[in-house]
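Below, in structure tokens: the form predicted alone, a single chain.
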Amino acid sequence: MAVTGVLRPGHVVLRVLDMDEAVNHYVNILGLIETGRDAKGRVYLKGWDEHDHHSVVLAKAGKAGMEYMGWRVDSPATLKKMAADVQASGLATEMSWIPAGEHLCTGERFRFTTPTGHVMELFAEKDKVGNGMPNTNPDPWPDGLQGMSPTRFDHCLLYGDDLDGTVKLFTEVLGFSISEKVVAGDGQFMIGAFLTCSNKPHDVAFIRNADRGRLHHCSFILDNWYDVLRAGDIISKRNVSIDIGPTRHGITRGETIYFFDPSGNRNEVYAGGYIHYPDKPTIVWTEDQIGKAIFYHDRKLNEAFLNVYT
């Protein structure tokens, strides 16, 4: 299918408490590649198979969480049109243009706040630095990878209050599809939505919660189930704080393990899932099956998993 409009998650900016500890975690344990540092002290990172200059930015702050998430669109013309559409929708607040160069190697960005209180950006230009291999006759992977070595930043799961308004913004204005949703009561009250702008099971997900603008986790993609198991070994070898897994989701069908960075931000490494096309029916999970939806093997709610977020 032709992917136009919003192409993919472009970056996530994570607030961290100690930069040295955070860099050690994200580079040596998770296995991202550092691509630069700026005058504000922010550290830029990428997965090995991402060609863009960065997909993760670490910013030192007094509390953990997500500062904002960026989305790459297909052209500067699309950026201008989507910015105008967001402005006209009445669904976003605190809108502004961020000048080119404020992020290393990145063009201008249009920033806005969703009804759930999350700061989002759209951008069209970011320097391509490659994936460590030639574009002609490449090997399957480059030498020198370390840690869990995810191929890319994959998605975030976010908590906030006005789920309906945010889903409307992403579907009716930004062109996302609802791949899966969780409903309560008579099936009309949505408590969770998994949204995709591509053919992945999800590029972002939102859970209804009274706290606004919260991060549940940011996720990085691995190739297969064995790599998820290997990530579990690395977590134990390096005494990383583990949350849950390895296990499997009912929602998205993905294989997963969750753990925490030194600041308390939850990370996930993830593999599998299905292919989503725009005509695929939305999968619906009912509240009575939420345990199976989240952790297909245990089939039980995990209160700490639901209630710990930054």
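Residue positions are given as counts along the sequence shown, with the first one as 1. Because the structure is predicted, anything quoted here is derived from the model rather than measured.
There is another form of this protein, the form predicted together with a further copy of the same chain, and it is not shown here; the text below is about that form.
For a further copy of the same chain in the model of the complex, the listed stretch (209 to 217, 236 to 244, 90 to 98, 113 to 121) containing residues with heavy atoms inside 4.5 Å is 236 to 244.
For Trp48, a non-hydrogen atom is located within 4.5 Å of a further copy of the same chain in the model of the complex, even though that partner is not displayed. Taking non-hydrogen atoms only, Gly185 never approaches a further copy of the same chain to within 4.5 angstroms in the model of the complex.
Not displayed here, a further copy of the same chain is approached by Gln289 to within 4.5 Å at the level of heavy atoms in the model of the complex. Under a 4.5 angstroms non-hydrogen atom cutoff, a further copy of the same chain in the model of the complex lacks Lys60 among its neighbouring residues. For the three residues Lys128, Glu255 and Ile275, a heavy atom within 4.5 Å of a further copy of the same chain turns up in the model of the complex in every case.
Only one of the listed residues (Arg42, His53, Arg248, Arg266) places a non-hydrogen atom within 4.5 angstroms of a further copy of the same chain in the model of the complex, and that residue is Arg248. Of the residues in 287 to 305, those that come within 4.5 Å of a further copy of the same chain in the model of the complex through at least one heavy atom are, in sequence order, Gln289, Lys292, Tyr296, His297, Asp298, Arg299, Lys300.
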